[in-house]
Structures are given as C-alpha cells and as structure tokens.
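First, one chain by itself: the form predicted on its own, in structure tokens.
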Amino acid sequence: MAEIELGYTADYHVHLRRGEMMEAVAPAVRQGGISIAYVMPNLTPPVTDIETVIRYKKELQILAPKTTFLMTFYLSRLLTPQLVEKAAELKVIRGIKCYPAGVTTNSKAGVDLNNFTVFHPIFRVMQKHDLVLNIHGEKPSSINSKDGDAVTVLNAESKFLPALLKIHQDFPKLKIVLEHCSTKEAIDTIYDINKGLLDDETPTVCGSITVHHLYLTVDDWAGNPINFCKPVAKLPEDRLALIGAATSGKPFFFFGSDSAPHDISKKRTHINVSAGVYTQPYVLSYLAELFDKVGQLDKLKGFVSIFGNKFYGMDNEEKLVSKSKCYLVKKSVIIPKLVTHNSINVAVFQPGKTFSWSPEWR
C-alpha cells in the first residue's frame, strides 16, 4: 500500500495556547495532517465567556486559515446556564471541558469532583443543544488517606470512573467524552457503557485516545520529562488495551492527541515539571506507524476521521473551512529534537526517530 486516503481528519483534543506559543503551534495542526482541531480552553485566565472564545478563534484562524477550529468553554462557576444557552445558539462553542481542580496544567479553576450537582443546570442546557462534555477523568492525588483509598497518578483515572458513570446515569442523553483514556479500566468502562449500541446508533459516551499513550508506559516517562503528561502513561497491559481500542473499529473510540506544547525550559526544571507531550506536527506519522505495525492500517481512517466527526456532527464537509482531503503517503520523516519559533523552543515526541508515513493534502 503506497498511499491511504483519510479524508477529513480530526484531532478532538488540542492545546494551542496564546501569544508566541500559539504562533508556533497553531500552523502545526495542518502540518501534522489534521483538518479539524478541537481546542482546549485551559488558558490563563480560562475561556469562560463568548467574547473571549470568539476572539481566540479569530486569532487561530489568522494563523491557520485552512484549519477548522472547534471551540470550547472551561467548566467553572463562572459559567451560567443562560451563558451556555446563548453560546450554543450563536454556535460559538461545540463543547465544555471539565477539569478536576489541580490535576493538570492550568486546572486551578476546575471543578470539585464531590459536587457535580452544582453544574446540573448547565448539563441540562448542554443536553438540549447537543453540546459535548469533555472530561479530564482523574481524581486529584490524595496520598495521605487513612482508609486505604489513596489516590496517586497511577490510579487517579480508575478512581474517577464512578463519577463518569454517575453523570451518564443522571444525563443519559448528554454527549460525554472521557478524554485521553490511559487505563484498561477506562477502556473496559467505555465498552461496558456501549455494550447495547446498535450498528446504526451514534454512541453517547466515548473515549478519546492520544498518540503518546499508544506508545508509552510508566518506564518511558519515569526520569524523562519530555514524556511526562497527565494522565501519566501506565502499565504495559494498559497500553495494549489502548491499542486494541484504537484499532478496534468501534465508533466510541476516536483520536484526540492532547498535544500539549511547553517551552523546553519548563521541561528541564527540577521543580514542577510541566505535564504535556507535544505531538502535533507529526501525529499521523506516529499513528500510521503503530497501526501498520499491528496490521490494522485499514482501521486508521475510522479512528482519525469517521467516528469522531460523526459524534461531533462534523461529518458534513460544508462545515469545513477547507475541502482539501488528507492522504498518507509512503514518505519517511525524521522527528527533530526541537521545534523553534523566535524565542520558543518545544521538545517534540520521539526525537531523532524515523517514521515511514507522511501526510499530504489534495
């Protein structure tokens, strides 16, 4: 197979920052072979009003005019049902991102996992307007627990899963994505929720899967800050479950890179190393290599184009700013150590390695 037509590819989890970093990474979305980018709102301050989200999208569109950007709000007490209703009617957001307070980069303004009920009025509005609730599914670490129920980075996702099930139970028609699944338990939970799904049905609860979680285990980030992210990569059996889900052809698993750029200075520090892996410029090269290696290259289009686009209602090309389609061609690429832009230097995932596939636009 010399080339593969992927169509309108989508990455349903990207971090594009602001300022000089945004200038460096926004154009890399298309470079990596992605047509549609679902943009995270964890800026400083977080994106919680209509004016900010409109302005942010305009800035991104200027830098990357051929990329379709889908925007989100940051779930916090600054949001009101009335504000979400207006944003939905104006079609300025496609979803709302939920961060548990303190679990990852710029999540201080996040939610208290013990009190989701305060957001139920917002969830009702989201359900009404078909907005997506995107969840960073981890509980904050609590290692001083006296009842044997401690939470660490290794079990934080598993400990969160009952909260996911409760939200789905309370709002069965609310579209939910468990972002960047990193454990076998998370994959099994998504399978279990969808066990009665008919072939012609669109799932309500899905899981997104990153590039780096398909490659890494705990040994790859312990002592290597470039591979450190939240949620952290887990055990070999977790990685195998993620590969199985990504290549399964099931419509409730699709791609979200969680590509998260940080200047190299924030990765070289010995205190408070920033969590995030930067994959954006080469995401399809990474994915094609892995899918090819496990003999499932024919499943890649569903994972990066069909399933996510249908779930988010982006399976109509009239909604796209560019009608160019993405093709993968047999053309090797060597991953650089750094991406540089003016004073910005960002370390790239898998530096120095050679991959066999590259994207082209036609």
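A residue's number is simply how far along the shown sequence it sits, counting from 1. Not measured: the values here are computed from a predicted model.
Beyond the structure shown, there is the form predicted in complex with another copy of the chain, which is absent from this document and is the topic of what follows.
Of the heavy atoms in G249, none are within 4.5 Å of another copy of the chain in the predicted bound form.
Interface membership of A222, defined by any non-hydrogen atom within 4.5 Å of another copy of the chain in the predicted bound form, is confirmed. Proximity of L90 to another copy of the chain in the predicted bound form falls outside the 4.5 Å heavy atom cutoff.
Among residues of the shown chain, F228 is one whose heavy atoms approach another copy of the chain to within 4.5 Å in the predicted bound form. Interface residue among T117, Q169, Q82, N272 relative to another copy of the chain in the predicted bound form, by the heavy atom within 4.5 Å criterion: N272.
Taking a 4.5 Å heavy atom cutoff to another copy of the chain in the predicted bound form, the contact residue among K267, H213, K184, R94 is K267. Note on the interface: of 276-284, 259-267, 157-165, 128-136, the segment with non-hydrogen atoms within 4.5 angstroms of another copy of the chain in the predicted bound form is 259-267. The three marked residues, V218, A347 and P351, each reach another copy of the chain in the predicted bound form, with a heavy atom inside 4.5 Å.
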